[in-house]
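Just the one chain here, the form predicted alone, laid out as structure tokens.
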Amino acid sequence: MRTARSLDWQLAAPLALFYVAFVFAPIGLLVAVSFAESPEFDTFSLHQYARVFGDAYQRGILADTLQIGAQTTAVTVLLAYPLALLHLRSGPTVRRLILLAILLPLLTSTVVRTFGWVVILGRQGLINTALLGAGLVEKPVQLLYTHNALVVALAQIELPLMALPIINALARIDPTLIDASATLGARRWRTFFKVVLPLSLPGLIAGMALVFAGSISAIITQTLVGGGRMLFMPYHLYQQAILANDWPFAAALAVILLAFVLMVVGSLLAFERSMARWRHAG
């Protein structure tokens, strides 16, 4: 037994050391820098946090960032769950095609996919060309650099992170439970809400956490599709750290953003655990 445990520790040690050196240590350093009152690091206090929460402009940027994450997560749920259900009910060939369609975007970089949206949504893009050609509009419609366009682009880019966990969760559901529900007279919607949705909740929650964290930190897509008309926390961080050289303020912004992400993810996981206890109690 001791030999097995020793081997487990030896196998886990490289990953543990990696996380300590390149994840936890940088976060600890970031937190320490955020308490500096000035870029000279002469005194330490909560001054940088007071600058963020005491300024309506800074709070607005934070709120807009969290809002874009929530909206993107909602759109990906609406797109990914039906796709996962279609995957569950399809034959092997169609399942492979659906998986290929989901995985294919992951084989290209985020920059390429984002530039694809710039080509589609631009004034001379595919949509405006089609609208003008069909005579539906007299001049190009402003699609690029809008809030809705950014949500759609982020949803498309983050879709695999939502679809794959849901597909995995649906695949783990015992088909006899669905058959038993139908045999007992439950309609499809009742079976879905009473059996399928609760049992697929772990995958749904995992996807929501991944998409939310990914969309609020997607600086490339936010910058290229959102343009200079919208400012979100990742690019605001870059401005403060690189352009303004105000590292303590940028560190405080990063810590606050990280704290909000952890709160949202923690809330989602707590909700999933409470639902699991409710299912077992029922």
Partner chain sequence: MTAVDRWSFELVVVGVSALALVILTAPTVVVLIASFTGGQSLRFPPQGFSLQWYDALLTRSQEIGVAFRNSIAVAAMAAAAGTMMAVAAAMALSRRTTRASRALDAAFMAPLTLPTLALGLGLLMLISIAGAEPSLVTLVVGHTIIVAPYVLRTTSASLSQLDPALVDSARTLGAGPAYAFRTVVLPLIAAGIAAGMFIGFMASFDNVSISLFLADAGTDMLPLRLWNIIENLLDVRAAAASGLLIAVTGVLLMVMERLTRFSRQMRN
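It should be emphasised that the depicted structure is a prediction, and the values quoted were computed from it without experimental measurement. Positions refer to the first chain, counted from 1.
There is also a form predicted together with the partner chain; it is not shown, and the following applies to it.
Taking the partner from elsewhere, no residue among 37, 66 and 199 has a non-hydrogen atom within 4.5 angstroms of the partner chain in the predicted complex.
With the partner omitted here, the residue from 62, 70, 213, 52 that has a non-hydrogen atom within 4.5 angstroms of the partner chain in the predicted complex is 213. Using a 4.5 angstroms threshold between heavy atoms, residue 230 stays clear of the partner chain in the predicted complex.
In the predicted complex, at least one heavy atom of residue 29 sits within 4.5 Å of a heavy atom of the partner chain. At the 4.5 Å threshold, heavy atoms of residue 204 stay clear of the partner chain in the predicted complex, well away from it. Contact between residue 99 and the partner chain in the predicted complex is found at the 4.5 Å heavy atom cutoff. If you take 53-79 and check each residue for a heavy atom within 4.5 Å of the partner chain in the predicted complex, you get 78, 79, in sequence order.
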